[in-house]
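In the block that follows, a single chain appears as structure tokens, in the form predicted on its own.
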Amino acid sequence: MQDLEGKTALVTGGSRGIGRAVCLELAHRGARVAVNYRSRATEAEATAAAVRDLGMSATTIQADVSRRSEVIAMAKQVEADLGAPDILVNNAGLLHSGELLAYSEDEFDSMWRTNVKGVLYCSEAVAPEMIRRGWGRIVNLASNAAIGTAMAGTTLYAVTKGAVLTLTKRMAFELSPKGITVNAVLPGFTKTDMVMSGKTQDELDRLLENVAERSLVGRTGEPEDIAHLTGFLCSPASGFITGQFMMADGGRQDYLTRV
């Protein structure tokens, strides 16, 4: 399906996990892809190489999305390399686990800057050109934590992702009349380095089994599960969908109102 032929997509945090899968999904759909990364240059270039293997143009751009000046420079570089972005996928994110009464203020601040300010900075950097052309797609990667999954140690992460949902609604309100749809994808537990690192194999096995048992489909998510939904929301076929929160969690049953 080449429904994004001629479009340029910027995917933040595109070097691995969900971001990498989204880059490849958009390339399959015919888009040129700018792979943003903060520190994983080797993985970002591998993602770009995989996009090129699919016959699409790709570039890698280093930028910390929590720094506005770097985001502005990134948007200019994408335009120079591939053309101004028609599509923005705000995927870059941080997760620091911690209990509500024993959290690290520095870790909370870093999550807020990346997960919330990063969405704002990247969106404001690319929106003017989308407005000029009268067409654009912005997809924000939030989390089902934002609406209350019962997983310990994720409260402040959930706070930042709840803010992403508010931003999504307000951005849709302001930008959709100008031809830009804005939606959020809420992944459930997905097997990525971000959520699986720092654990022993036994801990991982128990975690994956526990999450699978909470899911109606009986398994945890794969990055491709999230990428397929994101790709649809970036496509012309989604033009009547904006300001929406789209769940991709396998039918998780452990929400706080149901425990």
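Small disclaimer: the values here were computed from a predicted structure and weren't measured. Residue indices: 1-based, along the sequence shown.
What comes next is about the form predicted together with a small molecule, which does not appear here.
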4.5 Å heavy atom contact, G93 to the small molecule in the predicted bound form: yes
Contact flag, D193 vs the small molecule in the predicted bound form, heavy atom cut 4.5 Å: yes
4.5 Å heavy atom contact, A63 and the small molecule in the predicted bound form: yes
Distance check, S39 to the small molecule in the predicted bound form, heavy atom within 4.5 Å: yes
Location of the small molecule contact in the predicted bound form, chosen stretch of 30-38, 52-60, 212-220, 230-238 [non-hydrogen atom, 4.5 Å]: 30-38
Interface residue in the predicted bound form among T154, S123, T181, T114, criterion: non-hydrogen atom within 4.5 angstroms of the small molecule: T114
